[in-house]
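Single chain ahead, written as structure tokens, the form predicted on its own.
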């Protein structure tokens, strides 16, 4: 019986594994050094992208005549099987696996011997890791964009339902002018639309393949980075190999956009928290998006909104961390760049969790228009309306401003509301129909300027937001 031969290059059982770079070294790294440098614990999530990038590289080597079609097919099959094993938790990682890249290469070499060992020709972990991270982030960006759209759609639905619901608008958290709830909700939607635009621009710039840049200066092997980029779904290949492996501005920009989006999410959450405060009672959280107290039975706490509000600090911190990491770093690959992954992974995870929960929270929010209308009895909300009415009668604005302010001061001193003024007092003030301006519906309907809070304007804005979302869907 003929003995079955092992693939050449197969490691003998019981032989310690050596790092991929061990040829120059006479001793292995200490356990402490190895522990510090090992990134497998967090970069294992790059496994699908590492498999895809490795398959694209196999085909590049085939195009260069370094693999036969049969060898390339065998490698691609082994890589695919390895990817399935990792995804199913069936792959046995080894203590010598520094990162997902060395684990994948080791897994293929264990399967195919010397053929697997030839996989790394013409590439470096330097260009491979940045390729993986770009692919991962582009996919994460698409998921985040979809969740932003869901949040905008939830705001849109509520805004249409409340195009005529009046409420006090504030500046400095103090009553300012009457607006509509729909107008206020759409203000959040417009900010989120700009976030989508920012992520679109970022995605275009990020869709650049670094694979083929090698460690720093490409390779003497005849590889085609453009073809590799196309195989991986990138829009283009790198233009400069040093830039390709050393810059992380795509990660920095992602984190900047994430921080801005997180800020918008935080401000929306802050409004929800305020509106659902029992002292205002303008809205009520659905129980599915609130939690109770372990001690106080009556509590219904806005935890989803509070956590969404707090996540902005985390996202801003990630942007600051990576910006500090890159500042002053000379060009070329440095191991410092390993620190880019955990911030971008966590930022994406954080946004996906917060956006999903907050979209549901907004969609299920129950508003109380009567309580909002009741809050519009504050005389001060109509001060600007009165001043502008005087302006239309020919009074200079500064004089009108002073007259209204003085009227409010004198009325307050006497414990009276402007609604208590007689027809004669209004006539003496200069507005025979002054009492009619103290009406929230009239106030918002009079604001016919495009982009204003009138019901018609709110519905036009809602249509514009819907159109913008539909255009994104068709591009």
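What you are looking at is a predicted structure, and each value in this text was computed from that prediction instead of being measured. Numbering follows the first chain given and starts at 1.
Just so it is clear, the following notes concern the form predicted together with arginine (ARG), a form of the same protein that is not shown.
- Stretch-level contact analysis of 313-321, 225-233, 192-200, 96-104 against arginine (ARG) in the model of the complex, using heavy atoms and a 4.5 Å limit, identifies 96-104.
- None of the heavy atoms of residue 151 is located within 4.5 Å of arginine (ARG) in the model of the complex.
- Although the partner is absent from this view, residue 39 contacts arginine (ARG) in the model of the complex, with a non-hydrogen atom inside 4.5 angstroms.
- Proximity of residue 335 to arginine (ARG) in the model of the complex: non-hydrogen atoms within 4.5 Å are present.
- Contact annotation: residue 177 falls outside 4.5 Å of arginine (ARG) in the model of the complex, judged by heavy atom distances.
- The partner is absent here; in the model of the complex, the one residue of 266, 126, 276, 109 having a heavy atom within 4.5 Å of arginine (ARG) is 126.
- This chain appears without its partner; in the model of the complex, the one residue of 341, 188, 118, 309 with a heavy atom within 4.5 Å of arginine (ARG) is 341.
- Shown here without arginine (ARG), the chain has no residue in 245-269 lying with a heavy atom within 4.5 Å of that partner in the model of the complex.
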